[in-house]
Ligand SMILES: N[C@@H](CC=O)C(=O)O
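Next up: just one chain, as structure tokens, the form predicted alone.
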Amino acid sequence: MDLRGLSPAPVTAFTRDGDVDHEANARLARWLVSVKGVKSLVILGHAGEGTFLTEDERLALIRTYVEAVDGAVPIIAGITGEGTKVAAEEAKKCKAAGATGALVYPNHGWLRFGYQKGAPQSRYKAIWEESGLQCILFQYPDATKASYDLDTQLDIATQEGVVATKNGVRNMKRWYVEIPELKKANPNLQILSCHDEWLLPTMFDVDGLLVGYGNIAPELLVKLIEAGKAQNYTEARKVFEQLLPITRTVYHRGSHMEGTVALKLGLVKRGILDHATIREPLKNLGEKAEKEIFDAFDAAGVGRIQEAVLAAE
């Protein structure tokens, strides 16, 4: 997979009754891949409420996305199963449904208890060998016990089937030390930042972005990536400043989970979704937050997608 660009992590659209809305999800997929510079769509992750869906819903959503993009970009599925065997079986089913890649989440028990040495490596190996899905190493924030040390990252990054890393360590001391070491160990490893709330400091070291933010402002994020690759700080700063009102209202919130709700509201503002229905345990943000988010899009000059554009996708 060539992920050197923008890989949005789409939300999952629901009907007002709470069922997966396949028509709305297909519309979102078609619009995102129409943006030049979008390299993949990564579904069933945190932004997509992936762990809030049943297995049947997850597999059906993969099929919807695969059909909607019609080969334009690979569809990457979040693999979240707890046990290694469970995760490998999950990956096999996602591959059969049409996925090309796997964003491999850590065993979520590790968030609380930490991981044993070698266990993450085995997880990636099993997923690749059982499914053939190209794997993305997912580095969690430094504040969690599921954030891999450098040796673990290096082991995974040099395993067969691992093509990229989605790094969200959110500790720039580690970023500046570990990213060069990963590049040295595997020069072909694609470095993707997922620091939605503070992208600018990471833009000059990466091949692309894998972000929920890609739902709502893909056009500007593509420009940000281009500026970063050109080492053009002035232009990158300009895009960053334009996006800042949106960044603040979507991601500078009390909980990062609120970002998913805010993303859906942003898609309503842009005319992609008709409403921002979510699933528990997410909660609506309220009318005040909705107005703040809508006003932020106006302040950033990020407008509604024209009906004619959507109809053409």
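Heads up: residue numbers just count along the shown sequence, starting at 1. Everything numeric here is computed off the predicted structure, so don't read it as measured data.
What follows is about the form predicted together with the named molecule, which we do not show.
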Exercise for the section: May I ask you to state whether K125 is within 4.5 Å of the named molecule in the model of the complex, using heavy atom distances? Expected result: no
Handout entry: Partner contact for D196 in the model of the complex: the named molecule, 4.5 angstroms, heavy atom
Key = yes
Problem - Contact test in the model of the complex: K223 vs the named molecule, heavy atoms, 4.5 Å - result: no
Handout entry: the named molecule contact at K183 in the model of the complex, heavy atom, 4.5 Å
Key = no
Exercise for the section: Work out which of the listed stretches, 91 to 99, 128 to 136, 145 to 153, 161 to 169, brings a heavy atom within 4.5 angstroms of the named molecule in the model of the complex. Expected result: 161 to 169
Problem - Residue among R270, R27, R253, H46 with a heavy atom within 4.5 Å of the named molecule in the model of the complex - result: H46
Problem - Contacts with the named molecule in the model of the complex, stretch 97 to 111 (heavy atom within 4.5 Å) - result: Y105
